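Given next, in structure tokens, is a single chain: the form predicted alone.
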């Protein structure tokens, strides 16, 4: 699951850094904006089977690759 999420993030951001720095703040660095957030949620739904309505998206829970991985794993449990 971790590898798939990192691959999604790399495709979305165009950055290899998301694979090497899992505590990188994707919003503060400008790698993800509001449009990319929607794309991320759609990709996670399609590829990982997790459904996160935009209305329930809490940016602080999704700001780093590590947090995204943990959130997706908790939603899959």
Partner chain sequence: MINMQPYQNPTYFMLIALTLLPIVIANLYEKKIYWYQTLISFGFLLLSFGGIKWHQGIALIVYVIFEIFLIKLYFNYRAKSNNSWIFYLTVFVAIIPLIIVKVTPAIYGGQVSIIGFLGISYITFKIVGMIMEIRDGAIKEFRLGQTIQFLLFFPTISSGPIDRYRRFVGDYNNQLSRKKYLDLLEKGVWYIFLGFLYKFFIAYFFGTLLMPQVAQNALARGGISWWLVAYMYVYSMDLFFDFAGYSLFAVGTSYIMGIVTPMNFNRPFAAANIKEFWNRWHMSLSFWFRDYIYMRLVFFIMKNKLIKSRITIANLGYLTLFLIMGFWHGITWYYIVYGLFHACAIIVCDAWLRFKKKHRQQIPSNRFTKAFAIFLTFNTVCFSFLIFSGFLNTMMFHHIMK
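In this text the structure is predicted, and so the values were computed from the model without any measurement. Numbering follows the first chain given and starts at 1.
Below, we turn to the form predicted in complex with the partner chain, even though it does not appear here.
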query: Interface membership of residue 48, the partner chain in the predicted bound form, 4.5 Å heavy atom rule; finding: no
query: Residue 64, heavy atom within 4.5 angstroms of the partner chain in the predicted bound form; finding: no
query: Exercise: residue 56 in contact with the partner chain in the predicted bound form, heavy atom 4.5 Å; finding: yes
query: Heavy atom contacts to the partner chain in the predicted bound form at 4.5 Å, residues of 1-24 in sequence order; finding: 13
